[in-house]
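Read the single chain below, which is given as structure tokens and is the form predicted on its own.
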């Protein structure tokens, strides 16, 4: 008889999700899906609010990556204001965004993924967590905790709060950096370098143990998209988007925030409250793509910092062309952490970093604005429309997890087909299927936003599980 395997909830993720796997009468996997089961409505919350409140409001979407929402939202507001922010404010925003990237990547790699990597996919689930990692590998566990603390403390120094800081505002930031805070941050840099180098060294020692996972964890050709600077180095806060194909050929380039919705569409499926982003000229699902650390390293010609560039060159030796396996997201995160530390150090050495001019002011000069930035998980876009009084009449957010959604869904199917045979499976096999999703580090709270008519699928079941009635919208 056919059978459905349900993994609910998927663990060690930010937010709520489940996986369903359908087996046919022969016990072979016929279909599988990753379901995002929560829905939030920040686009609706925004309507009627003054546009200048948007960064602070939108930061409340997520406690893990509020800075990315702050920055993308502020950029959309600055497009409405038609202003360029002061140079020093832009530098401080870059540092804040990099600090968030470091702490978020540390959370993903050490807290969520390393229990699988260091303790094993088949290890006892009772100890397969960060405390188990600390017990088995104390130095590495402490390094992960310290790297997350490093990023969070910089956010706190700049924005006065580790979570939901209100420091980023339309026009810049609310206050300049002091010499004491600059020096305190510089004092933390050496330890941060030591910790990320330790993590990279340990990861490279164990990576060969996961050849099967590398082969079947969402390993297939897709498009990739990410921000780059004019010199084609990696970008997180500035630059424009580039889309490449699986061979590394440029498909579209110079995608600014104002052009984003012209080329990127969003599809809906009945089994998830997260939308599925795609490149409009190719249609859905053919135009689906990946974003985030793997995409950024596949696209950028360089990191733009010496230590990270050395690691990028080594990373690229793993394949002839863009890496397709999503297991490599773990490695890419560590390289981006190293880059973040280097860039923060460079920014703090800028002689203008203590300049007091950090905010521009203006009113409503346009009735629509869009802003984009790189969140830890990938490209983030905010798009607002306002009335003549500056009140939001319409808002749309395109989240990184929605842009990775199709690849996650197909990755779950790929892994399930590989591991489940003749209807037999173990806890370790189901953990591997969950781990496919963890490679993307999805932020499910961020990704679920109502826009247009969302799908609805309600089934009425009898006591023996037979469908009596069904309503689909």
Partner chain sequence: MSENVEVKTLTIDGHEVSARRGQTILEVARENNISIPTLCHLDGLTDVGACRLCLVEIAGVSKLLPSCVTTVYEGMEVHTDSERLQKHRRTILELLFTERNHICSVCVANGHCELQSLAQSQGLTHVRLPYRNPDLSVDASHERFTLDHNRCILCTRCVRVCAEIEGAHVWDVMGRGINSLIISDLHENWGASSCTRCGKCVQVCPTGALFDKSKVGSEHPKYPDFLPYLNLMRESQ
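Residue numbers count along the first chain shown, from 1. From a predicted model like this one, the values you see are computed outputs, not experimental measurements.
Just so it is clear, the following notes concern the form predicted together with its partner chain, a form of the same protein that is not shown.
Q: So which of 249-257, 335-343, 82-90, 387-395 is the stretch with heavy atoms within 4.5 Å of its partner chain in the predicted bound form?
A: After filtering at 4.5 Å, what remains is 387-395.
Q: Considering its partner chain in the predicted bound form, which of 127, 229, 302, 174 comes within 4.5 Å of it through any heavy atom?
A: Exactly one listed residue reaches within 4.5 Å, namely 174.
Q: Just give me the single entry in 27, 41, 50, 63 that has a non-hydrogen atom within 4.5 angstroms of its partner chain in the predicted bound form.
A: Exactly one listed residue reaches within 4.5 Å, namely 50.
Q: With the partner left out here, check for me: in the predicted bound form, does some heavy atom of residue 188 sit within 4.5 Å of its partner chain?
A: So residue 188 does not count as contacting its partner chain.
Q: Classify residue 56 as contacting or not contacting its partner chain in the predicted bound form by the rule of any non-hydrogen atom within 4.5 angstroms, answering yes or no.
A: Yes, residue 56 is a contact residue.
Q: Would residue 359 count as touching its partner chain in the predicted bound form under a 4.5 Å heavy atom rule?
A: Contact with its partner chain, yes.
Q: So in the predicted bound form, is its partner chain close enough to residue 169 to count as touching (4.5 Å, heavy atoms)?
A: Residue 169 belongs to the contact set for its partner chain.
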